[in-house]
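The same protein chain appears twice below, in two forms, each given on its own as structure tokens and labelled structure 1 and structure 2.
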Structure 1
Amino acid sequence: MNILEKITQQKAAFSKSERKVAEVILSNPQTAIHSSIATLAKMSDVSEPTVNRFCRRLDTKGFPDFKLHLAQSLANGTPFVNRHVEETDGPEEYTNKIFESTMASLEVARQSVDISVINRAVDLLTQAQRISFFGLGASASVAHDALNKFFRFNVPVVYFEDILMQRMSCMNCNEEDVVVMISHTGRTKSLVEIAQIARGNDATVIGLTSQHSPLAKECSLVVSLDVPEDTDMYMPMASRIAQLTLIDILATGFTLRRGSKFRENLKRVKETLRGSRYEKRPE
């Protein structure tokens, strides 16, 4: 039973205030997905604690978790494109839907992130003698972006999209290596095998992946984000944006942890690139 069916079935058992929330959600679930808790409370003419209480009555952990379940209930869009897009949508409709669904997914991801895990991941990265970033498919572009970010940090960084090169690289790992494996589903067999090779050679493996996935079980640390996107059925969109954001977070944490002297070095790196660009001209 999905969350919308649950709301309909339990509606009679809700309090008067909770029924107001239920009616607003049932009348326009798409709007509810993209709303903050404050907005939904205002639309329902109830308090924010009432919205939270309503969410917990439905066996969810709170508002962010409720929105995740609601998004999953609405997974009826055009297969292999985006769950919110319909066959009849024109340019204005699908443009707005992609922006709105991505922003809503990022908000859900932001509220799900465990700051203590982020802090631990930054610890491991700043202590590494070599960092590797591996991903396949859509996640390969995220790994490549991580290479571009961390390459400036004066620490050896490895990136390969080719599976055989990834395997050979991990065969040469040791206890001073950190290998970052990127996969939204965590079910890609070759990445799970590569994580096993890295761990077998005493490397620390950080997984940017789903909790409790086969890949997560092979990682030393799992950094997970709740992103309501079924990439078996739809093109990876919001999940890829969330992964890129997470790389930005780790790169920022790495920079701040290294201190002011390190940031001065980054400034010099930036200055060396100025000659490769045309100067800005006043309009």
Structure 2
Amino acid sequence: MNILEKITQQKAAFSKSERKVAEVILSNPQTAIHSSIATLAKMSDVSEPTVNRFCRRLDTKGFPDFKLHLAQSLANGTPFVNRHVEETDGPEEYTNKIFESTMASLEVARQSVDISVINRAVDLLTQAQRISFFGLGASASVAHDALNKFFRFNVPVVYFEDILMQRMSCMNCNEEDVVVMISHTGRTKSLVEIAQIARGNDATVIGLTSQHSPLAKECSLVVSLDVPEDTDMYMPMASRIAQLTLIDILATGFTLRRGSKFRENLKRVKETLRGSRYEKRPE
């Protein structure tokens, strides 16, 4: 996490002297990274070991390591401005905040993915006789997008938005089916039920959901993404973008696994699409 935000957050928990250090750093982080521990101690009017203890309290290895973290925070443009949109924000502010928080969430998501799980998911998908994508609400559009991607691969692929259709589809599953369930919270009741039905019919259920959720418990494999977003409170934004990126990754893994002959296929699909478009003008 951004260390400047961390300092702000933990400020209350600091001791008197440590808070002095915090204030000096927050008020002028650029100076801080170019100072030695002695200089910074003098500026904060505390002793050098106090500065060192301050650094360790923030889970860094020591002062030099702290400076590194600080430098990284400062590198990301306006790192420490809070990324939540405020009521008083104008178009410029909210546009930038949304872009920034989306990128930041993707970075968090990237660090949280388990590569071996991705690999396993690609395994399962390549072996499937039929792939189904199900999601509700905001995740429905993610499932929709997945359909669009996998459809090009010439695999039988299915997507329903309607709960009953999803249900019926799962009733007819067998062990050669792979069902991908998409839900950020993993607490959508009807999806959990559908997962149970699918599992009951020996289908493989892959969950794009949060770990330890009710839905995750019903899945054969859980591809989890940590995205710091509370969709109970806010509209899903970053969470579904992370999910889409994951779909891209699975689709990419799929095409790579299928080998080069398979990719010829994709090219044909592309060629066919061309007819529906106006020619690209030379640029």
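Take the two forms, find the largest set of C-alpha atoms that superpose within 1.5 Å, and that set is the rigid core. This is a predicted model, so every value here is computed, not measured. Structure 1's sequence is the ruler for residue numbers, which start at 1.
One of the two isolated chains is the form predicted on its own, namely structure 1.
Core-superposed comparison between structure 1 and structure 2: the CA of residue 61 exceeds or equals a 2 Å shift. With the core held fixed, residue 45 shows a CA shift of 2 Å or greater between structure 1 and structure 2. In a rigid-core overlay of the protein, residue 33 has its C-alpha displaced by at least 2 Å between structure 1 and structure 2.
Core-aligned Cα shift between structure 1 and structure 2 at residue 18: this is 10.3 Å. Core fit done between structure 1 and structure 2; CA of residue 8 shifted by 7.3 Å.
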